[in-house]
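To begin, one chain is listed below as structure tokens, in the form predicted alone.
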């Protein structure tokens, strides 16, 4: 009730502020000064409160360790998922102590807030302390890994990692994620926020934050139920020689609120959108057949950088799945992944023949983290019907009554393959999984509940309604691939209520869990590679889940009828395709040029 009331109050604030809150008229933004987006903002902005929740403000408050959106609120560092680099933003440098319990950070001397005051260690400390107090995203995400943050000077501070019962740090990798995934707020403004809400956490979280102080290159200008616009802050500190040395090129960042993906795609085709973050099937046809000035990061398939792997998870609450690795692997090797990639992804994914399956995404950095030859005999590319049948026969999972369906322990195997209704590419994938089951004599029916139902069931650690269901592990961040491996195999998530964190199939393997726990404290590259190789071997043998495709975590299509010089994979700049807004992807805004 409190949450619903807070949202209503925020909406009322929007109505009250309306278009006159930040600008008198934005109906005719200068096209040669405005960069238009699609695929990021859905619905009306609710809040500008960087310390809050329920903001629905994707242009200003969005992202994570793989690339926070730093147009308005900045992180200490930026992550470049192309090469794993951690690049200074508000901060200059960081250094771990020898036992990985503390990380010392130095802030940039030039970093300032929009009111001209310097960014200090006190701002970082206050951001952390109040985040923990009110339980916002920062507090809940990193509270298990960070014990405290201590200012050691105006521009220096130390992050103290949490120590486990064994006297070792809980997870230094997740502490590193804090550096790139957490926007910093001004301490003086946080004090005002807390005071006007009487220290009440719920009120603090839902304060609309219309007076918020920012450090980034853009700030709020206009928003209503049709559009949100940011305007460049020409006093932005980042034009200092220690940072970018100049201002970003576009004066305005604008996002119309489209009804759906097709509407955003039409706007991109028409040149009304410059940068589009949404899946567009057969996107190559826009330039090959339609002749439009539209491009992607790579000229050839898969066109983008695939960082995550939408995965089918087996429900280990069901005895038939928990007790038979042979059944799990037989289904997995029978699935025709090339059909999924061709139909659901329109080939915007490498195949599993091109990038053999493991626990890693297809990037060069992650692929180098395990011994490919050591697990080659366990990998599969799919559509191996004969191999799947032979595997089931050998395990004694056969059809004894002649009805065409195999039995396990005397009972007909009857499973379902599930994903949310309306997620058309995922639904197409589940149909291919079901078809594979039919080919090998295992009944699998598809089921597509509405999202509001699906999210409450697959996150339930005790559910037995869904047998095979889709969800995606994390993409890229300083802590990956460890975070993703932990999501696939880690024991910590088993039994967790309302589980959005990982291991959605409730798989338990003590050996794997012990290996996972070694990785965050391992700095020797050879040892690290051995650990990841052993975990990949366990995963490919036990098959508690199976990824269906590789997929970009961000789609990045641009129309170059107005703006050009967007980043591309062969331009030598190594700016990631992060829609000019996320992590080091924001560097693109400083290189844009007007066409002609």
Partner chain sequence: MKNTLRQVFHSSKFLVGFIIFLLILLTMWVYPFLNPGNPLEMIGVGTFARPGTYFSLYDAVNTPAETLRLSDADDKRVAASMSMEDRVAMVEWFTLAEVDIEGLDINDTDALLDLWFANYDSSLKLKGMTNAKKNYYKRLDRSIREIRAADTFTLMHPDEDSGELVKRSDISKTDYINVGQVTNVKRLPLGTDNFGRDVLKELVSATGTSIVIGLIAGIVATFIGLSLGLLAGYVGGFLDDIIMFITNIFTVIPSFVLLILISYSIGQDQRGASVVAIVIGFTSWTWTARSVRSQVISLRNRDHVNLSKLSGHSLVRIILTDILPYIASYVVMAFILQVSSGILSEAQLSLLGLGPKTTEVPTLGLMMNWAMLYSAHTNGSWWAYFPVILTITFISFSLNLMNTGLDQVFNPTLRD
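For clarity, every value in this text was computed on a predicted model and none was experimentally measured. Residue numbers count along the first chain shown, from 1. So that the term is clear: the rigid core is the largest set of C-alpha atoms that superpose within 1.5 Å between two forms.
Another form, the form predicted in complex with the partner chain, is not on view; read the next lines as being about it.
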Q) Using 4.5 Å between non-hydrogen atoms, is residue 296 touching the partner chain in the predicted complex? A) yes
Q: With heavy atoms only and a cut-off of 4.5 Å, decide whether residue 289 touches the partner chain in the predicted complex.
A: yes
Q) Should residue 92 be classed as touching the partner chain in the predicted complex when contacts are defined as heavy atoms within 4.5 Å? A) no
(Q) Taking the partner chain as it sits in the predicted complex, is residue 56 near enough to touch it, meaning that at least one heavy atom pair lies within 4.5 angstroms? (A) no
Q. Can all three of 34, 122 and 219 be found with a heavy atom no more than 4.5 Å from the partner chain in the predicted complex?
A. no
Q.
Just to confirm, with a 4.5 Å cut-off on non-hydrogen atoms, which of 258, 448, 493, 244 contacts the partner chain in the predicted complex?
A. 448
Q | Residue among 374, 342, 132, 385 with a heavy atom within 4.5 Å of the partner chain in the predicted complex | A | 342
Q | the partner chain in the predicted complex: contacting segment from 207 to 215, 96 to 104, 113 to 121, 344 to 352, heavy atom within 4.5 Å | A | 344 to 352
Q: Can you tell me which bits of 562 to 585 touch the partner chain in the predicted complex, meaning any heavy atom within 4.5 Å?
A: 564, 565, 568, 570
Q) Fitting the rigid core first, would the Cα of residue 169 be found 2 Å or more away between this form and the one not shown? A) no
(Q) If I superpose the two forms on their rigid core, does the C-alpha of residue 448 end up displaced by 2 Å or more between this form and the one not shown? (A) yes
